[in-house]
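One chain comes next, on its own, written out as structure tokens in the form predicted alone.
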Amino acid sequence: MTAQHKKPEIGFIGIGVMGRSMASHLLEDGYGLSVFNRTKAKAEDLLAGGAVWCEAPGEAASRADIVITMVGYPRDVEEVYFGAEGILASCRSGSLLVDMTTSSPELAERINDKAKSKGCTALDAPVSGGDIGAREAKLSIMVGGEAEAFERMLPVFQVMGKNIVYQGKAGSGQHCKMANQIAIASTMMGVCESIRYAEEAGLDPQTVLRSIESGAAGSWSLSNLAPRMINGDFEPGFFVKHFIKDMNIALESAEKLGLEARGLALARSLYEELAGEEGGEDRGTQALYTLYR
């Protein structure tokens, strides 16, 4: 590869359930990768593959042309961007800062404004598809920010996802993700109730699933999470605690928009009940089934 066509250096911050797979795809595709995570052990596979370890988010940002963040909560986003050793304190002028965490639209707008003042550009690009989508590089990526920055980032997005859609100005990616989470929240209740109904009616839920998943009832949750429910697999592809975080953001945003989201409010109350059980918040979202059982 000539220097003229050398791929940009990427800083990746947040090596969790999904971040690890996303970062590994970039490494395998030939991108230079600098990584930071609060727990270094989670990055060992990436380091063995050639990634460079950094001691702080700012160090990763100082080495990179593109900085990607995939952390847990809005407070974590706030810390890695605005902290004393954060991205915005150390990023190179001209860098592209891409937050792929599900966070608040307002925070995305703040990052965008601060990035501009530093001579950088920001995108908010939350994802959907869970651990499976991250592992198979089939994530749906929803993007807000400047259209030119989206085009610059598109080849990188294409390494991690398949359905990549530009939504509009800063914050639009996060608003789109809230719409996504609202749809999932009520769908998950329906999937749980459907499987429990089939079981109580004396049917084989696997056989029922074969009939209904390709019809009008079909959904990603039905096809991917109902089998886990039936098999008693409640390991996290997406943590209950993170879904509750998302629902809280969505409810706050809906209230600001003057929208009453009744299904979302009910789903949050059920997930909060689940989280109150021992170990409940660290299960996968499909564990909602256990409340119905």
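This one's a predicted model, so the numbers in the text were calculated from it and none came from an experiment. Position 1 is the first residue in the sequence shown; the rest follow in order. What we label the rigid core is the largest C-alpha set whose atoms superpose within 1.5 Å from one form to the other.
The same protein also has a form predicted together with a further copy of the same chain, omitted here; what follows describes it.
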**Prompt:** Would P155 show up as a contact with a further copy of the same chain in the model of the complex if we use heavy atoms at 4.5 Å?
**Reply:** no
**Message:** Please tell me whether any heavy atom belonging to G263 falls inside 4.5 Å of a heavy atom of a further copy of the same chain, as the geometry stands in the model of the complex.
**Reply:** yes
**Request:** Look up in the model of the complex whether G72 has a non-hydrogen atom within 4.5 angstroms of a further copy of the same chain, and give yes or no.
**Result:** no
**Item:** Contact label in the model of the complex: S253 to a further copy of the same chain, heavy atom within 4.5 Å
**Value:** yes
**Prompt:** Counting only heavy atoms and a 4.5 Å cutoff, which of 89-97, 110-118, 165-173, 76-84 contacts a further copy of the same chain in the model of the complex?
**Reply:** 165-173
**Item:** Non-hydrogen atom within 4.5 angstroms of a further copy of the same chain in the model of the complex for each of A179, S211 and S214
**Value:** yes
**Prompt:** So which residues in 102-129, when you check a further copy of the same chain in the model of the complex, have a heavy atom no farther than 4.5 Å from it?
**Reply:** P105
**Prompt:** After superposition on the rigid core, does the Cα atom of F82 shift by at least 2 Å between the shown form and the other one?
**Reply:** no
**Request:** Superpose the two forms on their rigid core, then report whether the C-alpha of S117 is displaced by 2 angstroms or more between the shown form and the other one.
**Result:** no
